[in-house]
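Next up: a single chain in structure tokens, the form predicted alone.
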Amino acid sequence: MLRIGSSVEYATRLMVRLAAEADGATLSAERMSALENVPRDYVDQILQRLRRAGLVESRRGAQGGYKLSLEPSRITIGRIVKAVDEGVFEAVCGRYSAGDTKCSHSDGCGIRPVWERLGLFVEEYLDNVTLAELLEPELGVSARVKHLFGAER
């Protein structure tokens, strides 16, 4: 179902931290670990996934570390999620069709369209929130979230 795992939470925090660095300065994994209170080994794993996805780049040496590969306005939360996890919405129906469990509602199921649409909605939403927007004060981010969802409920 819908879940925000620790890898997604930590990856988003690390990316926001890198986005906030002036002039694309680098930060070491050790420094990010200390600043974000994330275990160093976990930071290394997350940064490796983000690097493979083309979202961060690394530089070796005394002035080395990590920095964003793209402008913060070009990196969405959706891209971060896909880089470090399979997604925030587990495809329940897909799990059944893969043979893990037998579903007795495989034909003509009225629930499947609900789960599929919810998954698409969540992905679309996350694909419309950028790191640049997360650098704004909380009130600005809150206004953007309300805009994406439409009228308050």
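We call the rigid core the largest set of C-alpha positions that still match within 1.5 Å between the two forms. Please read these numbers as outputs of a predicted model, since none were measured by experiment. We number the residues from 1 along the sequence you see.
The form predicted together with the DNA is left out here; the points below concern that form.
> Using heavy atoms and a 4.5 Å cut-off, decide whether Tyr42, Arg51 and Arg59 all contact the DNA in the predicted complex.
Answer is yes for this spot.
> Any chance Ala29 has a heavy atom within 4.5 Å of the DNA in the predicted complex?
Looking in the predicted complex, residue contacts with the DNA include Ala29, since a heavy atom lies within 4.5 Å.
> If you check in the predicted complex, is Gly64 within 4.5 Å of the DNA, heavy atoms only?
Answer yes; at least one heavy atom of Gly64 falls within 4.5 Å of the DNA in the predicted complex.
> Verify the C-alpha shift of Gln48 between this form and the one not shown: is it 2 Å or more after superposing the core?
Gln48 C-alpha, core-superposed: shift of less than 2 Å.
> Taking the rigid core as the superposition reference, indicate whether the CA of Gln63 shifts 2 angstroms or more between this form and the one not shown.
Shift at Gln63: 2 Å or more after core fit.
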